[in-house]
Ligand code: NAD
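Encoded as structure tokens, the following chain is the form predicted alone, with no partner shown.
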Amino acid sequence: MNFLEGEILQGQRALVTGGSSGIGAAVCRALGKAGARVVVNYLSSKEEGEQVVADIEAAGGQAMAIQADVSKEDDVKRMFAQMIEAWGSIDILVANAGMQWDGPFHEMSLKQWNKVLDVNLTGQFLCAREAVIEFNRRGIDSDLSCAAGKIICMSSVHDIIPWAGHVNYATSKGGVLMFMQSLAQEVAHNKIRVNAISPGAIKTPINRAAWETPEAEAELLKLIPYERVGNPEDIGRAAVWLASDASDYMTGTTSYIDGGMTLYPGFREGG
């Protein structure tokens, strides 16, 4: 069967943090289209979370929305308990929730620093820990997948590209890179796969100013050799593949979905 045909994740249970908008919403819809039952996690907008659920259900899938702040341990434990009570287990975690709180470094408050690290890095730790506990408890269900579980850490090209004015954000994403690799190394023998997706410039509401006008988009395209800004669906398709048995021999790897942004395009003309 062609990868893009059929329900390659049929029967599997997925949790997507920060799934109510942007990249997270696109990942939820793509997983649902591929046959997975999807928990759409949201922080504050119940309406947006329920809209993503409605979209999945309208396409013939199954989903539910659960509120939780991924930076809070009690919230994360409650969310996983609610999912497992409803659907019996979890097969796929997409740790997508993230935020920016930018500012010049010399003006950055400790609150700014801690909040971004708490959500972007500690949030992935808390969710991945609960997922690994459940994967280890359940083991492999060969009717669903040849792996005991799959974790996808949503990162950013700024896990390797420095970003002045965004030191807290770039630091959190650099931490995700080593978190993902170290966790992948530790749990691979239990047939748990851990990988990451690092998007480049993607058309989402959070960065609308960078691509909404022709002038802004032209400036942004100077950083993208492939000469287009990405869409959330580009990330959704990659997430489906990483969650499927089609990528079963892949763990500890970051997929840069960035149109070549990490290729140092400034050197294209000889440097």
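Residue positions are given as counts along the sequence shown, with the first one as 1. Values in this document were obtained by computation on a predicted structure and should not be read as measured data.
Below: the form predicted together with the ligand, not depicted.
Discussion item. So if I measure heavy atom distances to the ligand in the predicted bound form, which of the stretches 106 to 114, 181 to 189, 80 to 88, 151 to 159 falls within 4.5 Å?
Written reply: Contact criterion met by 151 to 159 only.
Practice prompt. Work out which of E217, D234, D69, E50 lies within 4.5 Å of the ligand in the predicted bound form, going by heavy atoms.
Written response: Of the listed residues, the single hit is D69.
Practice prompt. Only one of T262, T254, S247, S21 comes within 4.5 Å of the ligand in the predicted bound form by heavy atoms, so just point that one out.
Written response: By the 4.5 Å criterion, the partner-contacting residue is S21.
Worksheet item: Should L43 be counted as a contact of the ligand in the predicted bound form, where contact means heavy atoms within 4.5 Å?
Response: Close contact exists here: in the predicted bound form, L43 approaches the ligand to within 4.5 Å, heavy atoms only.
Discussion item. Under a 4.5 Å heavy atom criterion, is A97 part of the interface with the ligand in the predicted bound form?
Written reply: Yes, A97 sits close enough to the ligand in the predicted bound form that at least one of its heavy atoms falls within 4.5 Å.
Worksheet item: Could you tell me if R193 has a non-hydrogen atom within 4.5 Å of the ligand in the predicted bound form?
Response: Residue-level check for R193: no, no contact with the ligand.
Worksheet item: Quick one: is I202 in contact with the ligand in the predicted bound form, heavy atoms, 4.5 Å cut-off?
Response: Contact check for I202: yes, within 4.5 Å of the ligand in the predicted bound form.
Item to complete: At a 4.5 angstroms cut-off on non-hydrogen atoms, which residues of 241 to 258 are near the ligand in the predicted bound form? List them in order.
Response: Not one residue comes within 4.5 Å of the partner.
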